[in-house]
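Starting off, we have a lone chain in the form predicted alone, written out as structure tokens.
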């Protein structure tokens, strides 16, 4: 993938896209992008000077010299890149607003005990202000995060499309488990007790306690955990190399499909991860020993894992700053991760990891139309989306953040920024 010079958005329509935005969001289902560099992230690879036609919420055609249907919005890309909509990581988008206001946060179950049946999708609000904030930055899908509160088994999340729908969930549920230093306080201060509790919980799904015996799980919890012990996806939040190895062995013994989130020291066991087919969602900006679980953190973690054959994606849990994932990908690329792999880690790889590649992660004919036209190289933080299409609809590129910017940012003062006041 080569860098792209930023270009102005040119429309072959009679009016500017910016002026049309509110109307287009509701009405325009037919869009033709001409002359783009299309990163399909599929079997077609990267297509130079290609056209892409969106109709009826799907990608109708990708090719050359496509005809524009009557009434289509036609966008002249002039070589700028088009990518699939980006993955926003494992986040609380739609299930949390202001962390300082506990009443607005629904991602954490603080009850002591193990409750794998806790399902954060029941609290999802598509009208959350964070949904358009992520969408205008080119992010069109996320995995809802269940956070550890009183239990190392945080609960269940699920992939949701950021299209504003009330029932925009895709794929199966994903169980989330926290291990290592951060979760030791939930298990008496020892990470060894974490494995004890997990083993006992799994054992209860096989041999439920007799009446009157102590139980770790409710009946509903046993039913849910049993499903994850037979091949469903479980995200283990863990960073230390030896904890990662134990997670791999535990998941293999229990026939769980493990995904590692965190993985600060994953490079140290890259061969084992690759051999086990365990993907890693990491923060490639972690390069300092922030705690004893991250002594081996380094900036080329992603490059080393990719070289070993490990499937990668990125995550930092920043629901309010999903845009940081592009910066992460760019930094990973600057430290040796191939650019194509960095872009795949933002698009097709997380879609494959969480079983939603049928709808997300690539640009293919007949597939759901989630895509972004960028002003320049999508791995550069100075590039911005010029056009975002979510489920076939042109996004307004407006969020609460852009409204606040437009209201309070003074642009015509002769004084330096520090002296400007609204």
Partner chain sequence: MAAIERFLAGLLLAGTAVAAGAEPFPSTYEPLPSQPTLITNAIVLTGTGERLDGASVFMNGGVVEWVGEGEAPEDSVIVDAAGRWVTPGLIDVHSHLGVYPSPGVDAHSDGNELTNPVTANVWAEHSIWPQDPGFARALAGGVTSLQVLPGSANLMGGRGVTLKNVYSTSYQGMKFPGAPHGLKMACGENPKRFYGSKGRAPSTRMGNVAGYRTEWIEARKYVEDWAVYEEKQASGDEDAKPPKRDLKLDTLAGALKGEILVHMHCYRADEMLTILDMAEEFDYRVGTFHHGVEAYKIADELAEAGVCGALWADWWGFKMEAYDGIQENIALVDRPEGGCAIVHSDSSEGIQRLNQEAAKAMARGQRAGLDIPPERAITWVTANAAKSLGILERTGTLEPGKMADVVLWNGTPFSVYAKADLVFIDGARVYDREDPALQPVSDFELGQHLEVTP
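Keep in mind that what you see is a predicted model, and the values were worked out from it rather than measured. Positions refer to the first chain, counted from 1.
The form predicted in complex with its partner chain exists for this protein as well; it is not shown, and the discussion that follows is about that form.
**Q** Which one, 248, 107, 234, 133, lies within 4.5 Å of its partner chain in the predicted complex by heavy atoms?
**A** Selected residue: 133.
**Q** Among 111, 210, 101, 206, which has any heavy atom within 4.5 Å of its partner chain in the predicted complex?
**A** Contact with its partner chain in the predicted complex is made by 101 alone.
**Q** Does at least one non-hydrogen atom of residue 323 fall within 4.5 angstroms of its partner chain in the predicted complex?
**A** Residue-level check for residue 323: yes, a contact with its partner chain.
**Q** Looking at the partner-bound form in the predicted complex, is residue 40 within 4.5 Å of its partner chain by any heavy atom?
**A** Flag for residue 40 set to no.
**Q** So in the predicted complex, does residue 32 come within 4.5 Å of its partner chain, heavy atom to heavy atom?
**A** Looking in the predicted complex, residue contacts with its partner chain do not include residue 32, since no heavy atom lies within 4.5 Å.
**Q** Check whether residue 292 has any heavy atom within 4.5 Å of a heavy atom of its partner chain in the predicted complex, and answer yes or no.
**A** Looking in the predicted complex, residue contacts with its partner chain include residue 292, since a heavy atom lies within 4.5 Å.
**Q** Pick the stretch from 114-122, 139-147, 220-228, 328-336 whose residues have a heavy atom within 4.5 Å of its partner chain in the predicted complex.
**A** Comparing against its partner chain in the predicted complex, the contact stretch is 328-336.
**Q** Taking its partner chain as it sits in the predicted complex, which residues of 245-269 have a non-hydrogen atom within 4.5 Å of it? Please list them.
**A** In sequence order, 265, 268 come within 4.5 Å of the partner.
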